[in-house]
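The chain that follows stands alone, in the form predicted alone, written as structure tokens.
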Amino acid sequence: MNMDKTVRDPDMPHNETSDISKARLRAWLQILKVSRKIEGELREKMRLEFGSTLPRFDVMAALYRSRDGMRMSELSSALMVSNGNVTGIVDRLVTEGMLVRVPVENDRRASIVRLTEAGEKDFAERALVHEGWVSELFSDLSAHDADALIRILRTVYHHNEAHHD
């Protein structure tokens, strides 16, 4: 029985391409592992500190960056989720006075969602705490390392964007 973890075609010589492929696979698995770990930590901190959820924070963050508000479809697209996933969160935030829906003039079916003054204040407070959590989770990275990681991840992102356009 072959105990070697790599499966090779006996007719194909070992080459550098397979080594690169394996390294990229390991990188992908590490990205997943770290992403899940950090997201889980942030979810738990958000729940314990604010009695809230990360998706709710993400909705408010997207609207905080877009001060004029967004259509629901724009918000869903920005968060890379379906409209249905965002609707319930938006409904609750409107009920709590954190968001307001503003009708679109020439489209009776559409509305723009934006933060209220209370929503902006609430988000700004949470964002400061969130930034501290993220900084703590990445505290082993120097500024130089963080910049290098961002550069590498952007390269991967843009490469895959180009292949899907």
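Throughout, we count residues from 1 along the sequence that is shown. Here the structure is a predicted model, which is why all the values come from computation and not from measurement.
There is also a form predicted in complex with the DNA; it is not shown, and the following applies to it.
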Task: Non-hydrogen atom within 4.5 Å of the DNA in the model of the complex for each of G97, T116 and R126 - done: no
Open item on the list: Please tell me which of R67, R26, K37, R108 lies within 4.5 Å of the DNA in the model of the complex, judged by heavy atoms.
Closed with: R108
Task: Stretch from 117-125, 27-35, 135-143, 100-108 whose residues place a heavy atom within 4.5 Å of the DNA in the model of the complex - done: 100-108
Task: Contact label in the model of the complex: R56 to the DNA, heavy atom within 4.5 Å - done: yes
Open item on the list: My question is simply whether A78 lines the interface with the DNA in the model of the complex - judged by any non-hydrogen atom within 4.5 Å.
Closed with: no
Open item on the list: Where, within 80-103, is there a heavy atom within 4.5 Å of the DNA in the model of the complex? Residue list please.
Closed with: M80, V81, S82, N83, G84, N85, T87, I89, R92, R101
